[in-house]
Each structure stands twice: as structure tokens, then as C-alpha cells.
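Next comes just one chain, in C-alpha cells: the form predicted alone.
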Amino acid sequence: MDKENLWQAVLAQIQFNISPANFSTWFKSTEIFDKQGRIVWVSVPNAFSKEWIENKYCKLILKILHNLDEEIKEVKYCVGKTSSKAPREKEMTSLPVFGQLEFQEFKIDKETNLNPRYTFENFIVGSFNELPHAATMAIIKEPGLIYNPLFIYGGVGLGKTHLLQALGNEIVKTFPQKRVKYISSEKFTSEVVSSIRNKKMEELKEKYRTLDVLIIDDVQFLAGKEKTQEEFFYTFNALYEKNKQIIISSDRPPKAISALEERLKSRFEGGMTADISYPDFETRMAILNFKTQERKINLQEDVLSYIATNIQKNIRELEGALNRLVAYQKLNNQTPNLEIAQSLLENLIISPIKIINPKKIIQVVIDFYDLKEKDIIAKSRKKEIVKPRQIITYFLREELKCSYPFIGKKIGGKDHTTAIYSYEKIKKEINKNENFKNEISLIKQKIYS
């Protein structure tokens, strides 16, 4: 594979692992300018981009390169050493990748932060997401008057961002006079910090409290950021009181965001809460068929079935697998059959056996609830400590079949009867509380990821 096609293959996979805004910011003017044995040299436009890509994306880039070419063991970056064929910024509107598949840099709207690539036309609806989808359809008709706020939660790669941005784009199209803003919670936090530092808080308040629709993604990252939570709380109230629409996403339900203020959790739960679960086989096949039609390619049904059967929990990974087959078809002028597909996708589908041990379970649970291990082994009877402690007990018993005396020692030297009580309590709560069941399911996903 030559340098240009190799880098385009990398970009195609990176595109499905990071947000469109980040992709456009950091990868727009990059290329491989040299490959020397096991080392690949990547050129970047400036020193800031070099530092950011090295710190944030180096492992991802190396992993993708190594999967495409096992000889590659190292990636190095330099500023400005681009070849004469490197595309200029004005030429970057559409980069051809793998024949019919085009990697496009869609222009993010500066006013709304919305990406036009996200629409309802290319959003596949199935049993796993029909409730949040139905809620967004209702909101489009009367923003601010129904399902306000709308809180959507679910695992990584299941389409939360797509749904949120499609909703924003549709509102802009239907109500062009309305002021709509999409923002990630990390970006919102950054703006709050910058406004405090530069003494421009009034400008920030004016910017957000005069919106008609506020869409905030990955709200769980506000946990532990007290000043940002305070500003968001007042912004939320200001918008809500004027019947302005608020849409929020998270990787977990409001109650499970432990370091989030109770007043914010209460606001989130006051509207409509809907989860996106894993797509079933039929929906995964529908997604793959839609993507192949979109890219005007033909793959055998048994190839698509193989992908849908083996990649079950992440829509982005489905698209990544499809991209790899499209790349093969372009480079070899041959449509991959099942045998070739199995070989090409081996690294994606056959993952190493996950080693689950007590330490992993404890770490996942304390991370999920933003605690420290010392909190779990302390004698505290606070609800926010007791609940995670009981959940650890449940997983140690349910997943590893640990003895109750062993579990008691792991959670701070508790008596085995305490461990028995904790296990039974969580088990009963799962059976009678659907929201709590979903919370436990999310934790289990993280334990085995």
C-alpha cells in the first residue's frame, strides 16, 4: 500500500473514533511524507498540532497503522515537511478515499456547532433506540413544550451524538429563526474556565441564556467540576423557565453520575429520560446494508452477516469493519468474499480474552461513581459510599463466584453476613428497578471492555 492510500485508510478509521469537530481540527492538513522500514513519518501543519496529536492520538494512529501494515512499529511527527502534492486547506473540502467511499470534511456551522452530516435520513431506527428517536421527533414539532429536558444515555458508539445533532439540524431547518447551540460538556467547561480567568462571565451568560435550544453532549464530564456545574445549573434554569428546549446526553443515567450535584440530577430527571441499548442483529444488518448503499458498493450477504454477528456493541466498529473491506476492494480491484473478510477483520473481531479479577471490578465501580478505593474500605455509612460497596460485592459474587468471607475482606474487613446482605439487596433491586438494572448493565460493560 503506497503512502497516500495508507494514510487515507488511517484517516477513515480515525474518523469513526473521534468527534467530527476534533477530526477536522487536528487531521485536516496531515499526511504521511515518508516511510522508512518500521518507522512512519507524519507531517502536521504546526507545532501545536504536533504536540496535541502526539499526546492525544499517537497510540490510536500507531494501532491502526500496525493493523494495516504489521511492519510498522513506530510513528514520528514533524512540522511542515509536506510533499509538493500535499492538499492545501482550500482543497480539503472532499478527499477521495477508497473509490466510491469519500471522506468528507463537512463544515461545522460556527453559530450552532452542528455538523450537517448528521441527519435523520442516515440515522437507522431499531428497537434499541426507538424511544429516544420518538422523543426527538416530538420535540421537532414543539421545541421546549414537550419532553423538556430530554436526557439520552447509552454506551459508546451507539449513536447518541448522531441523534442529538440530527435533532439540532432538523430544528434549525424547521425553525430558522431559533438560536440553537450544540456543545460538549468539556468545551462548556473550558469556556467557563476561560471566562472566569478573563473576567467575561457576563458575556458567557448572555451567550447561553439567550438560546432557544441548548444541546449538551457527554454531560457526565461535568462531574466534580463545581463551578461549571453551578453555571450550568443557572443556565438550565434560565432556559427552562422560558420554555427553551434542553437536550442532554450521557453514558449513564442521571442517578449514576455520582459527583454531579443533586439539584442537577433532579432537573435532568424532571423531563424525559431515554436510553439507547445495543442494536439487535436485524438492526445491525440494516445499518450495514444502508452504509453499503450509501457508498454504492456491493458486498455479499454472508460477508455482511459475518460482520453483524461478530460486532454487536458498537455501531462505529461496524462502520470501521466496512471501511476496511472497502479499502481492500479499492486497492485490489476485487470484492472481498467471506474468507478474505475473515482475514481482513481478524484483528477487529478476535479480541484477546479479558482478564477479570477483583482489582478490575473494584476499579471500574469506583471510577464509575467517581470515588477512591479508600472510600470503599472506610467505615462510612453514607449512601453514596454504601451503594457502590454493595455493587462491588454483587459483581465479585456474580462474576467471579468469590466467597463471602473473601468479599468481606475486599470491602474493608466487613463480616461475611454483610456481604451476603449486600449481594441479595442488589440482586433484588435489579429485578424490581429497570433504571437500576440499566445502571448495572453499564458497569458490567465497562468491566468487560
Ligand code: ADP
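Just so it is clear, the model here is predicted, and its values are computed rather than measured. We number the residues from 1 along the sequence you see.
Only in words, not in the display: the form predicted in complex with the named molecule, which the text now covers.
Trainee: Might T235 be said to contact the named molecule in the predicted bound form, defining contact as any heavy atom within 4.5 Å?
Mentor: Outside the cut-off, so no.
Trainee: Is the gap between T161 and the named molecule in the predicted bound form 4.5 Å or less for some heavy atom pair?
Mentor: Taking the distances in the predicted bound form, the answer for T161 is yes, it comes within 4.5 Å of the named molecule.
Trainee: Is Y118 one of the residues lying within 4.5 Å of the named molecule in the predicted bound form, judged by heavy atom distances?
Mentor: Yes, contact at 4.5 Å.
Trainee: Within a 4.5 Å heavy atom cut-off, is K187 in contact with the named molecule in the predicted bound form?
Mentor: So K187 does not count as contacting the named molecule.
Trainee: Ok, I315, V75, L299, V364: which has a heavy atom sitting within 4.5 Å of the named molecule in the predicted bound form?
Mentor: Selected option: I315.
Trainee: Between K244, R267, R284, K291, only one gets a heavy atom within 4.5 angstroms of the named molecule in the predicted bound form; which residue is that?
Mentor: Partner contact (heavy atom, 4.5 Å) among the options: K291.
Trainee: Can you say which of 332-340, 206-214, 128-136, 170-178 gets within 4.5 Å of the named molecule in the predicted bound form, counting heavy atoms only?
Mentor: Going through the listed ranges, the match is 128-136.
Trainee: Suppose contact means any heavy atom within 4.5 Å; which members of 366-393 contact the named molecule in the predicted bound form?
Mentor: Sequence-ordered list is empty.
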